[in-house]
Each structure stands twice: as structure tokens, then as C-alpha cells.
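As C-alpha cells, one chain now follows by itself in the form predicted on its own.
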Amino acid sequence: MASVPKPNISAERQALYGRMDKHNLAPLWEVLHDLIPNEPVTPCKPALWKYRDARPYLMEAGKLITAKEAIRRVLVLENPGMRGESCITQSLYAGLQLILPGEIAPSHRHSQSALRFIVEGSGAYTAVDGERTTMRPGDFIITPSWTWHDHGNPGNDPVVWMDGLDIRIVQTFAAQFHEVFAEEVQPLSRSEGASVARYGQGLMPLGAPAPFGKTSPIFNYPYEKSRESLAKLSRDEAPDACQGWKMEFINPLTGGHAMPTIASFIQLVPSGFRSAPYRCTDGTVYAVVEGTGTARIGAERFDFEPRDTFVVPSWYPLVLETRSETVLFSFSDRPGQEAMGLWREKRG
């Protein structure tokens, strides 16, 4: 008996897809494995930015464009897997900002939350909703969402800091807003250190509301205090096999993350330490404060020194090897992942 010819299933499917397309419909089964992979997939790549390479470009930019002209004179740290998208991970932005002696970066506000991690120089300030704080290397400073902020440098030396923002997260929700203050510099309404006095001593004004909503009311966490805490922690307990001694910056009013969209950490890793492999779903940006060593991220190796920056994409294993005692500041999008029940880690 002669065989019955089978219809060309592939051609029929393609014809079906073509008719669907006119009605803005698409077949899930053609993309399901890409949408729900066995492990996290990201276009972000492991990368390291050497500060000694970036600094000359930043200083040259300082000669060619003023802080006022630029609004913010920043070199974006672009992930090599996502060039042109102004991001260091899929959810976060990072850049190196320069302010020269005598300059002012004008006051504005935006719906994005920002952190500043001071890399080089002292004497500049940032002002947040009427209070200034002086910047020093290693300080972690917060600019809460929709707060007026400006920066100035009355000192004698250039000051550079890393900006970290949740631009990509806010963009996902199409909730981007920006407003320029009427004057270049906002008026001051509180003395420097007022926020720490009100909320950073295990005290708070009776009946006072949270001034910045879910963001910490303390907007400068000085490196001197952070380093002291790490030193005392290291004297009292053995280092974690994956992290060394790692601490998180918190909101003293809630005990939770200091920022609602960005988690921030600082860790001390002893000299001669080789960590066990560690991976987590929050792609993480690291700033080297002290020490030298190697970050093995997946199959790649990056040698780091003070002021360098490196990024560990989601679910890439990280192994740290130190040649001297090392301090790392880091930030990630962990708060959002935790809130949605998505965050995972794997040790060893």
C-alpha cells in the first residue's frame, strides 16, 4: 500500500505564525526555553575597570567640560556585554564622577535613588534636602529618591566618587522623573551631622516620621566607623569561607536595607585568603578600598588594587584570592529580589 504524504508541518506552523502576527500574537512554545532557562542567563559579562586607566580620561574631561555644563561630570562604567545601555548590571548603573576645586554640581532631584562611594580626595560635600556632609575616601553616602541634592568642592584637590543608581529598575516601571532646583545650590536648614545625631546613636526624635520613607535617615556612613566595625568583628570570630568578614549597611529605623532598591555591603578579607566559590542571583558591583588580590569570576581572572571596580554578574561563581588584607565595598539589587522571593545563593 502506497504511503500517504505527510503535510509540511513546519510550513504550516510558519503560516500560522504569520497570520497570528497581524493580531499581535506570538507562540510561547517557540521561546519558552529562553524565557525560563535552567539557570539565570544575563548579557552582562564579568569585568574590571582599572582606576589608573580611567583617571586620566576623567581628569582630561575636567579640562574640557565644567561640572555645571555637564550637570554631572561622570564616566559611565559600561558593562562590556551591554555597551551603549548605560549599565553595569542588567538592573544597575555605575559611574565615576569628578568635581574639581571651586566647582558646584547644580541642585536637582530625581525619582532614582543614588549612592556615592568616595574613591579619591577629601573636602568636597554633598547636600541632601537641606543638610551637607563632607566627603572622605571610603565613605558611603546615600541620596534618597526625590530629594534635592547638589555637590560642591571648596577644597584644594579633585574629588572622585563612584555613583550607583537604580536607573534601570526605575526605567522598567517607566517611573523616571527629574526636576531642577530654582537655584544652583539649595539652602541649608540643618547643621552637618544632624541626621547622625537624630538617628545614628540608637536614638530618634520621639514621634518623628521617617524623613526619607523606606530609605535610611542617615545619609553618610563614614569609612572610619565601618573599618572599625570590621576590625572588631575580625578579632572576635573566624572569617566566613566565602566572604571573609562581611557586613551590610542598614536603615536604623527598620533594620532592613539602607536603600529600598539597592543593598550595600562592606567586607574585610584577610591576607593570603582564598575563598570558597560563591554565587548569587544579584549581580554585584565591587569597589576596592584597600588591598590587592585576584577575583576569579566564572572562567575569568581579574587582578585588582585599591580604587579598582569589578562586577560579578548574576549567578557567576566568585572566588577571591588576596595578597594583602583587603576591604571591598559592594552593592546590588538584592532588596527587590528578596521582596519578590527571587533571591538565591549557592556556597561552595
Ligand code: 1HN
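Everything numeric here is computed off the predicted structure, so don't read it as measured data. We number the residues from 1 along the sequence you see.
What comes next is about the form predicted in complex with this ligand, which is not displayed.
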Checklist entry - Just to confirm, R227 within 4.5 Å of this ligand in the predicted complex by heavy atoms? => result no
Looking at the partner-bound form in the predicted complex, is Y93 within 4.5 Å of this ligand by any heavy atom?
-> yes
query = Taking the shortest heavy atom distance, is H110 within 4.5 Å of this ligand in the predicted complex?
reply = yes
- Contact of V170 with this ligand in the predicted complex (heavy atom, 4.5 Å): no
From R274, R72, K232, R190: within 4.5 Å of this ligand in the predicted complex by heavy atoms is R72
In this chain shown alone, the residue from L165, V185, M82, C242 with a heavy atom within 4.5 Å of this ligand in the predicted complex is L165
Only one of 207 to 215, 147 to 155, 247 to 255, 192 to 200 has residues with a heavy atom within 4.5 Å of this ligand in the predicted complex, and that stretch is 147 to 155
Applying a 4.5 angstroms cut-off on non-hydrogen atoms, the residues of 296 to 314 near this ligand in the predicted complex are none
